[in-house]
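Before any questions on binding or motion, here is one chain by itself as structure tokens, the form predicted on its own.
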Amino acid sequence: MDLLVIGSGMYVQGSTENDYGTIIPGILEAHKKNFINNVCFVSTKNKSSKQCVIKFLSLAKKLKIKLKKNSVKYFPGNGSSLYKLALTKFNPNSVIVATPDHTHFEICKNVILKNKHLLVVKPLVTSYKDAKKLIYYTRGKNRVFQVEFHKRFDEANLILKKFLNEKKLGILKYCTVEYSQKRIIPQKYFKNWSSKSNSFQYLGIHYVDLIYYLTGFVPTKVWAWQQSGYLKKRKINSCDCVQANIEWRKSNLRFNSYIITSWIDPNSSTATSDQKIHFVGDRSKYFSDQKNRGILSTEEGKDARHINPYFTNLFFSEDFYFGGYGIKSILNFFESINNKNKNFKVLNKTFIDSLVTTKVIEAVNQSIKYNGKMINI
């Protein structure tokens, strides 16, 4: 297939915090499986699109992947609507959208109406109304539409899912999540659009999707609070921290999750993201430190850092290769497209499930606006 990548940020090609990104490494591993013929990058800035090609070619060389001449290119030009020209002139079979949250609706709408396979980084959109519209546009189209919720592929979370399926925790009582990132993320990498998002919308939504996926419970009520100051003093109109209390129900059972998110961790933190999840039932409890996976690197002249070997990493055996649940999430998209027995209801579950996550995003933002007012979902 021919693939168009819309977006050129840190999740696509990496940054000083992450040398590789996740999307380019995922595409390279898909290339090894002969899923991809040509790749084209497009973004709002010509320079960034070109950098993606340079990164792709250098990593392909490192992985000893032989590419056909001119099979990796960028769509030249600048501007927010350039991707529309790329959709027509490059005319891909499939599209990956990795752009700021608030741009997803319009871009995804155009991709869907062009009848392309679509993978979009989370969240799908930020309003329930827009999610319903996008799902409506997909009706009758025999295409794969997915949201890149990679925590569904994390082995630590899959062990938790196994425990829940086997009733090892018993009746669920509560769940707590702590998820924070270095302040360099909103201040530098997302500087142009972090005021249109917040730490819950960008980070916490991962765990809303994960809780729904793991338990099958449905969110019914939300209370949320925020603290501001640090970012606003630096002319970024976004919350420093958000706490969201969500009630979940299934039949006559219910439990609460408390999701704490922050965008102001010190840049000296040992990892870009600090994540912990804790499930408590009446029989047992489960705790996962998803930052400290047991590897601490202390290099001369560099800050100590925790390495997550299970997300997106460059490994070496006889040759270099990329692995981890970030890569599995990208590969799943291409494997779904190539699935001969296409059950689109199953393949497109993350897209459909986004009706749930966008309801929670809306409710959290509304509750914050009214200082912790309870919002029924």
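Remember, it's a predicted structure, so these values are computed and weren't measured experimentally. Residue numbers here begin at 1 and follow the sequence given.
Absent from the display: the form predicted in complex with a small molecule. The rest refers to it.
Contact with the small molecule, judged by heavy atoms within 4.5 Å in the predicted bound form, is confined among 209-217, 119-127, 250-258, 288-296 to 119-127. Although the partner is absent here, residue 178 sits far enough away that none of its heavy atoms falls within 4.5 Å of the small molecule in the predicted bound form. Of the heavy atoms in residue 43, some are within 4.5 Å of the small molecule in the predicted bound form. In the predicted bound form, the small molecule stays beyond 4.5 Å of every heavy atom belonging to residue 332. Of the heavy atoms in residue 99, some are within 4.5 Å of the small molecule in the predicted bound form.
For the candidate spot formed by 83, 104 and 193, every residue has a non-hydrogen atom within 4.5 angstroms of the small molecule in the predicted bound form.
Proximity to the small molecule in the predicted bound form, defined as a heavy atom within 4.5 Å, singles out one entry of 308, 336, 350, 48, which is 48. Of the listed positions (75, 230, 202, 153), a single one reaches within 4.5 angstroms of the small molecule by any non-hydrogen atom in the predicted bound form, namely 202.
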